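We begin with a single chain expressed as structure tokens, specifically the form predicted on its own.
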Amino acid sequence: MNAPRLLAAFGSGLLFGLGLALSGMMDPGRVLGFLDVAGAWDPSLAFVLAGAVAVSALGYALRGRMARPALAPRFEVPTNRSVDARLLVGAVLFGIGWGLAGFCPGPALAGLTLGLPEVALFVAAMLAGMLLYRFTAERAPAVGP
């Protein structure tokens, strides 16, 4: 990776982590309060999510006006738009993990900087799940057309 791309990646990660910290996404209690819609619901993270969607929408709109990205040869945009069992199972597992632990991957990785044992345990479990998926996906028969 060349120096400008490395600097851009570092700056983006730093900005992302700072945003997660300032928004409260690294606080599992606050996240669980947001997910508890039937109890003591804390709607404040809805604004964080709305802001993320707005930034993403702006990025997609700008992408349509650019021939190529500033630091890459082409845009890497997913082309698969189908909803299949694999996507649904992944979404369910993500939601269960988020609801049980109060962390999703980005805030958990940023939360490692806090040195909290529960964050390290979550990240270790997340990495184990990724390895398990890779191990089983490579051995599973191909499904689909």
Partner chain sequence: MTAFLAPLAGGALIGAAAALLLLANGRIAGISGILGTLLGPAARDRAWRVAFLVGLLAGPALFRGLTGHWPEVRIGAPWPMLVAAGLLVGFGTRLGAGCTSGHGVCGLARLSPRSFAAVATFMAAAIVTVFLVRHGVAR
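Numbering follows the first chain given and starts at 1. This is a predicted model, so every value here is computed, not measured.
A second form of this protein, the form predicted in complex with the partner chain, is not displayed here; the remarks below concern that form.
Indicate whether the partner chain has at least one heavy atom within 4.5 Å of a heavy atom of residue 89 in the predicted complex.
-> Yes - in the predicted complex, heavy atoms of residue 89 and the partner chain come within 4.5 Å of each other.
With a 4.5 Å heavy atom cut-off, would you call residue 70 a contact of the partner chain in the predicted complex?
-> Residue 70 belongs to the contact set for the partner chain.
For 58-74: residues with a non-hydrogen atom within 4.5 angstroms of the partner chain in the predicted complex?
-> Heavy-atom contacts within 4.5 Å come from 59, 60, 62, 63, 66, 69, 70, 71, 72, 74.
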